[in-house]
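In the block that follows, a single chain appears as structure tokens, in the form predicted on its own.
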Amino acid sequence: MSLGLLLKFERIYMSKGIYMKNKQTQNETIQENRISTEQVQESLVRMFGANNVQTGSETQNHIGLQKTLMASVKVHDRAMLKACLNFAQQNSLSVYPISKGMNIGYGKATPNTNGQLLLDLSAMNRISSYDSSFSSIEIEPGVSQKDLYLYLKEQGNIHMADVTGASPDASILGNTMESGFGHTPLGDHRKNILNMEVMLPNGEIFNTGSFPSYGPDLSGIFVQANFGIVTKIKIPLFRRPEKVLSYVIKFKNEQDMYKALPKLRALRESRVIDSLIHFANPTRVLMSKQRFPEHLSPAQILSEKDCLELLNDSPLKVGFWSGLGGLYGDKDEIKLKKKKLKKQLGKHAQIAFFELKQLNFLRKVCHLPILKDLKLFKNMDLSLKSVIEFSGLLHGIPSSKASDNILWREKSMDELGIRWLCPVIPASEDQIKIFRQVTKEVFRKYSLELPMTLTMINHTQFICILNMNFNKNNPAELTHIDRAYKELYNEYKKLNFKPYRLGVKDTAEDIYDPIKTQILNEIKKAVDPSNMVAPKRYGIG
């Protein structure tokens, strides 16, 4: 952002009278004339009605972090949002906006500091400006994956939107603001923003603009940031092709995957592989497919080898690494891509190609009266159901499969504790080996099962997704996980394996280089001089 633009923002705020005479530093929240929590809550109820204001003092999440709130307001439209921001400015409050607050494992709707006013934007759930000719659509923060899928289906099912493995009820905009990713050729959400509508802390609304055009593209500075509140985004859609062919790449062992890496990179770079491939280790596959096996002792910590043996007791075998991807196009395009995949990877891996209709037919066979009670077909049906659910993601069909089994060992969501780690790894053999070694050592040290996914986000990098599960109601387990998480987080930092996103328990101050930190804080100072919106989120402000 140029100095001229920064000065322009500052002039806007000076003209609005937002700067206070005795303004403190950007890292402080103004304390003068602060009203009590009770007064805040009473005022908000008068303004918006009791149905739209919650006065509970603590947030609920699955990472073992409790923060107190001033109140929570369910915001229905832009006028109401602006009124909330004006109220917060007048009373020196900080606000924390959420889309739907469903980022389990990162903090849900929990702010990273106490005493904030939570702005729940889930009721802003309008879908608009669907352009079937130019394949785009506009959505508000409360639009879920399921909402958009059903909307597009009603419009003729011409297009699909990319979906993630998160709950069908999760917000698309919220995931995009956290730089999320899915499965289809539009899987890198951060790269696929056509326009943003943003409300600045002073209540003004502006659009970041569509490109190609003149001037800087400002959309990027509002991703993983706290400079304003994104009230709508325009995203591209993927026109449903003649055919979608799913495939699973199975590497028998780690070494086979390393041998195939150069060819995987080349196939991704040339766009023969145009979807995001998610490679899962046996522990991740088992945890995504089912709960902890009932016939095993709860005290047993399952190794990757243990999980592989359990999975391969089924007719549908998995590899040490099993990668799910999709081919898109007409019959001739897919035939050519399929041939190239087999030629390049066939020496190192088994590749199985299938269509959803084939898998659905096999499930019907498993349900035949004469077969359904046999162990072989029961196991096959369970495996097929899992494969169908995950393959549906490649077709833009949201699934609850992964979120349904997220409990693993815990009995209910009230017990579930989970922390996600998500380092970015160079797509090279030596770096993946170092990463794997360090990760296994820490998980082994703390007696934790190791579910791992490597997503090939582009031809040079993998994003790794790991999780540590625990009972959040057990203080000893919470302390144990916090220590394990911190140790591994610090090991990754030493190795320059930076996370692609942060939870509210994480700190970002030492992630940016000093110049980037200075620039981010100068932008924050210009657009949000009282540091009102989500202070310190992502280390800004």
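Note that residue numbering follows the sequence shown and begins at 1. What you are looking at is a predicted structure, and each value in this text was computed from that prediction instead of being measured.
Form predicted in complex with a small molecule: not shown, discussed below.
- The partner is not drawn, yet in the model of the complex one stretch among 174 to 182, 252 to 260, 327 to 335, 371 to 379 has residues with heavy atoms inside 4.5 Å of the small molecule: 174 to 182.
- Interface residue among 319, 236, 101, 423 relative to the small molecule in the model of the complex, by the heavy atom within 4.5 Å criterion: 101.
- For the chain shown alone, residue 462 is not a contact residue for the small molecule in the model of the complex, no non-hydrogen atom being within 4.5 angstroms.
- For the chain shown alone, residue 470 is not a contact residue for the small molecule in the model of the complex, no non-hydrogen atom being within 4.5 angstroms.
- The closest heavy atom approach of residue 501 to the small molecule in the model of the complex falls within 4.5 Å.
- A residue is said to contact a partner when one of its heavy atoms sits within 4.5 Å of a partner heavy atom; residue 74 fails this definition for the small molecule in the model of the complex, lying far away.
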